[in-house]
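Starting off, we have a lone chain in the form predicted alone, written out as structure tokens.
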């Protein structure tokens, strides 16, 4: 795999990303409360939570699209600059018309100069950089294929290459496993783990289901009702921590390499929790999978 990061003098112990006491109020409602966590070089951290839990708001704050009501975001130990090519971003959804004459390599190249006006002239070095990124994510076999004709897993590889070509220190991915089959999920997760470990890129991946990323994440940031709990999976995904985070009793069960959360039968059980965790086939004991 190509070297994906620029040389840096930053100490490897210095967090690439640090959220310090982030709070967000919108329309008189608190969306995030005292959010604190960090991502260090070479780490893959899972941002886990249901739709509406606050994951997207956290991403918007990190990307500078939303100014927090309190707290601060630090990138490599300093305030986030207005134009920051040290942060790569892969959005959750991108509408790609199958008939659009945009090849995989064209989309990746936009990561180099898509922010500039005008048409970029072809160059040998530019093509080499694009090929390096396509090789890095094992996308060369469909480099000249129209992006809209690719499978979901193939499109994700191209989008990751697009985000990596600017050599970011931090890679943000918003629900990259959504709508992928199990094989594509595994391939994308393994690719992200390789990028983080071999090249020191800090990777933050949001997901509503912990289990697909469970084998590779170093730590998790669990989000519920705008509050977070951060740490290793064993530290965070426990009965005590999740019960406190959700405000009512939940039980955590580890079964056959998966994590299950059992919500109590209380009639006050949080509907958002049930939606996030995804009911299993047995509705009697309200067993749900994280």
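Numbering follows the first chain given and starts at 1. This is a predicted model, so every value here is computed, not measured.
Not pictured, yet referred to below: the form predicted together with a small molecule.
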| query | finding |
| --- | --- |
| Proximity of residue 230 to the small molecule in the model of the complex, heavy atoms at 4.5 Å | no |
| The small molecule contact in the model of the complex: residue 67, any heavy atom under 4.5 Å | no |
| The small molecule contact at residue 42 in the model of the complex, heavy atom, 4.5 Å | no |
| Interface membership of residue 53, the small molecule in the model of the complex, 4.5 Å heavy atom rule | yes |
| Heavy atom within 4.5 Å of the small molecule in the model of the complex - the one residue of 62, 263, 242, 31 that qualifies | 31 |
| Stretch in contact, per heavy atom within 4.5 angstroms of the small molecule in the model of the complex, of 253 to 261, 34 to 42, 232 to 240, 54 to 62 | 54 to 62 |
